[in-house]
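In the form predicted alone, a lone chain appears below as structure tokens.
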Amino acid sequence: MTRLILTLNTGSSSAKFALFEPGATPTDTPVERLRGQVSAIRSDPQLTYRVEGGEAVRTPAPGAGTHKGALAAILDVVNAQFPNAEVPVVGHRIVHGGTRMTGPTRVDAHVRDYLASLTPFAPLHQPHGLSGLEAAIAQFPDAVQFACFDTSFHRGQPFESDAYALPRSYFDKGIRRYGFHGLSYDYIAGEMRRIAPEARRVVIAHLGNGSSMCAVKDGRSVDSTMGFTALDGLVMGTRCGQLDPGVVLYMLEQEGMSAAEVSEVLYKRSGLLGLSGISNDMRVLEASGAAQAREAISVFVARIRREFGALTAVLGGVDAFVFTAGIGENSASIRAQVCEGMDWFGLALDPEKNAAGEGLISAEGSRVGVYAIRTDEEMTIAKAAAAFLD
């Protein structure tokens, strides 16, 4: 009977999954057998998957209009495609691991309770990850369930990167900068060690519906743009990013909004959607001729450029700049706008390589190497499974 590792990556608007066959030894790279996702949950859910060596299958998934329904659809595919496989371990992406979870962790009742207690720190994501965990426990009761955390990659950051200038008691109770997208950064850092080991100082831009950037030195996180929650930093699809806290006070005191109403605005009605009034989807905005779409994109790009400068200063210089995730991997236009006019800094794109959008895309002679690399959070989880297989 074939043993397979199942990974679940449940986000705010999608649920990704993959099956991997473990290598012969714990250090061997797992082999992907199946990968897919349910996208556009709540609006127009679509199930897409591809079995190794086969064609992609895409079908409407009307029953997947909630995260619980999406996970049921995923498990149906897994059981249909590999009915006789053994799934001894299930790995989960959980956004927030707090201060205690610094690496892949086997999930028991105590860990589940701790992760649930972190929901106020990541209200848009933590409940979905925990829903995936509960569904997998029900479907695979004998499997080892383990979690990898987006915050773990950043836990070695120095105090000045973690602390807010609030009374110290808040830091002690967990009000600090955690950083997110750690599984993606972990994967990209590993790829950079493989393809450009000489690049010790790297800025990574994870650009998608959720966006952030990270300064990595010698493979370790030094600073990042997201803070206490996944609301901070760059402009995102529906999230505002960096915001003067006085704006929140104004909403509460002058407009009489409740905390729930403020949360709704900041998490779900802001970002690209709020600025444009058109869409949170960069593809839609790039195709639009509307002035509001152009303005939303210009703010998105400007924040990336500003944070690139800040993270470069933290690193004391930069050897490589990496674009990844949905927008970073697929939008040559965004990459070009972000890098425009940086020749003075020793950074220049090659237009043809940028259009191809894979691997090294900087111009010949560019002092800073610029890369477009496809991230793989599922592979990061699957590699961690080796420690739990036996």
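In this text, all values refer to a predicted model and were calculated from it rather than measured experimentally. Start at 1 with the first residue shown and count on from there.
Missing here is the form predicted in complex with a small molecule; even so, the following discussion is about that form.
Contact check for residue 283: a heavy atom falls within 4.5 Å of the small molecule in the predicted bound form. When contacts are judged by a 4.5 Å heavy atom cut-off, residue 69 does not count as touching the small molecule in the predicted bound form. Taking non-hydrogen atoms only, residue 354 never approaches the small molecule to within 4.5 angstroms in the predicted bound form. The small molecule is not drawn, but in the predicted bound form it has no heavy atom within 4.5 Å of residue 38. In terms of contact with the small molecule in the predicted bound form, the residue from 98, 208, 227, 104 that brings a heavy atom within 4.5 Å is 208. Contact with the small molecule in the predicted bound form, defined as a heavy atom within 4.5 Å, holds for exactly one of 339, 61, 327, 361, namely 327. For the small molecule in the predicted bound form, the listed stretch (26-34, 328-336, 61-69, 48-56) containing residues with heavy atoms inside 4.5 Å is 328-336.
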